[in-house]
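Listed next as structure tokens is one chain, alone, in the form predicted alone.
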């Protein structure tokens, strides 16, 4: 029987705690294969991981093959099919995004080196820990044997947020909303884009909002949703982030009929630097990720794209000594 090995870093943390059980109880893998879970965290967290392991066992998941808990990178990454880099120093109340850059950069550099030495060429890496796009760039630079298209950074959380906010505005079910994309960086400069959005079974939804709602409410609400949650919860998003990682992994495995948003590094028709991980409108099948190059970018949109590209280039320059 086929087995899929999934590695999750930061496995003693809040995001991983939700994510592990979603993966094992979900339907990502359509065949009758089993799932081996590798849980990586620092040595001081190994006792916590034992407790997590026992909880997983107590769920009696039919799809579970085995559980490995470890603090060793090579053990965690070797022979893994999917590597979910969740672990990172979290953003807390009052912390600026720039504060995370150098704190997390060295972690991802060391992980990237080991991934490059021990993983399979077919392994898929999803970078979740913030700043996700720039951490993905670090991983990419230290995994020369891994195809760049096998490395993506999480933007599904932003896309889910945007769909939810838009759904509430037009009072339409989320599953009816298509082609809503998020460009750029997973940060307050990201650009949630309604230019191409469609709502199935509806021809007059555009009358339910105007351009001022888009620029004054929708875009800043999506851009600052993470900070809004921290303000009220006192912690970064956890369950919603785990749900987005699950969605992202499911799309990587099975593809999607909708337009999707992920951070990738690529030549592109939008005059965006090919030296940063940037979220584009994507068509994804179970074996390819392609930029939808037919998307028209207005002058209004172009300004947002350049803002988020500029931020990503600045982030890259801050950590350039680690590349």
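Fair warning: this is a prediction, and the values are worked out from it, not measured in the lab. Positions refer to the first chain, counted from 1.
The same protein also has a form predicted in complex with nicotinamide-adenine-dinucleotide, omitted here; what follows describes it.
At 4.5 Å between heavy atoms, only one of the stretches 205 to 213, 113 to 121, 152 to 160, 246 to 254 reaches nicotinamide-adenine-dinucleotide in the predicted bound form; which one is it?
Looking at the other structure, the answer is 152 to 160.
Within 4.5 Å of nicotinamide-adenine-dinucleotide in the predicted bound form, heavy atoms considered, which of 132, 146, 139, 105?
That would be 132.
Give me the residue from 177, 88, 125, 181 that has a heavy atom within 4.5 Å of nicotinamide-adenine-dinucleotide in the predicted bound form.
Exactly one residue meets the criterion: 88.
Check, residue by residue, if 164, 193 and 281 all come within 4.5 Å of nicotinamide-adenine-dinucleotide in the predicted bound form, counting heavy atoms only.
The answer is no: none of the three residues contacts the partner (heavy atom, 4.5 Å cut-off).
Answer for residue 15 alone: is it within 4.5 Å of nicotinamide-adenine-dinucleotide in the predicted bound form, judged on heavy atom distances?
Yes.
Is residue 42 near nicotinamide-adenine-dinucleotide? Define near as a heavy atom within 4.5 Å, in the predicted bound form.
Result yes; residue 42 sits at the interface with nicotinamide-adenine-dinucleotide in the predicted bound form.
How about residue 82: is it within 4.5 Å of nicotinamide-adenine-dinucleotide in the predicted bound form, going by heavy atoms?
Residue 82: no contact with nicotinamide-adenine-dinucleotide in the predicted bound form.
Does nicotinamide-adenine-dinucleotide get within 4.5 angstroms of any non-hydrogen atom of residue 218 in the predicted bound form?
Answer no; every heavy atom of residue 218 is more than 4.5 Å from nicotinamide-adenine-dinucleotide in the predicted bound form.
Determine the residues of 227 to 244 with a heavy atom within 4.5 Å of nicotinamide-adenine-dinucleotide in the predicted bound form and present them in sequence order; the list may be empty.
Stretch hits, in order: 236, 237, 241.
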